[in-house]
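As a starting point, one isolated chain is supplied in structure tokens, in the form predicted alone.
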Amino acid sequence: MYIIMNRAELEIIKEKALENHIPIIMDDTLEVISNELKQNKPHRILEIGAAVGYSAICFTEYLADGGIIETIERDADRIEEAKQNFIKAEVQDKVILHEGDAVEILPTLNEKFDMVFIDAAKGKYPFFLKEALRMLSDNGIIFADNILYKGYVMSDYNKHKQRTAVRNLREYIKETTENPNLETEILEVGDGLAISRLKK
């Protein structure tokens, strides 16, 4: 039987991330995305926010033959851990890790992607959306994780600490739901997941 990834290592990576309070994709969110990817195997995935590489490793299972994931991370410690994790999970030949700030890296990319997964700085989500739409293939799909942000986004939350993040997440929802070229649904899985597709 062909083994796509080392699942035992994947579980170890997951447990270590949870123990160290590193934010990784929640199980129910992963299940929703996995169900979509099973139906439409992507050739290219763009992930904005790699952390320690857990979600990218999970997504490799659903790549079409010869498919690739490009992921971006700016935190030096997480970059090194992600590199090691890709090797441990035996997916290093399917992942390209861009090291640096997504705000600077995204404008330099010009590939077309079948899926974009946004899970990075909440205050930058509208910018990430603009770049994702520029590179989205005709049948592509954009997932934005943590879009409801602990319930703050849909409440009257206005405390200073998270105000910028909340405002920009609200802006992301507004732009994706009011864009005449997009079909968007907001699911209350994990910390909120926005799913956007180009209208046919």
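When you see a residue number, it is the position in the sequence shown, counting from 1. Computed from a prediction, not measured in an experiment: that's the story for all the values here.
This next part talks about the form predicted in complex with S-adenosyl-L-homocysteine (SAH), which is not shown.
Interface membership of Ala51, S-adenosyl-L-homocysteine (SAH) in the model of the complex, 4.5 Å heavy atom rule: Residue-level check for Ala51: yes, a contact with S-adenosyl-L-homocysteine (SAH).
Partner proximity in the model of the complex: Thr60 to S-adenosyl-L-homocysteine (SAH), non-hydrogen atom cutoff 4.5 Å: So Thr60 does not count as contacting S-adenosyl-L-homocysteine (SAH).
With a 4.5 Å heavy atom cut-off, would you call Gly190 a contact of S-adenosyl-L-homocysteine (SAH) in the model of the complex? The answer is no: Gly190 has no heavy atom within 4.5 Å of S-adenosyl-L-homocysteine (SAH).
Can Lys112 be called a contact residue for S-adenosyl-L-homocysteine (SAH) in the model of the complex at 4.5 Å between heavy atoms? So Lys112 does not count as contacting S-adenosyl-L-homocysteine (SAH).
Looking at heavy atoms inside 4.5 Å, which stretch does S-adenosyl-L-homocysteine (SAH) contact in the model of the complex, given the options 136-144, 167-175, 52-60, 37-45? Flagged stretch: 52-60.
Heavy atoms within 4.5 Å of S-adenosyl-L-homocysteine (SAH) in the model of the complex is the criterion; list the residues of 55-78 that meet it. Heavy-atom contacts within 4.5 Å come from Ser55, Ile72, Glu73, Arg74, Asp75, Arg78.
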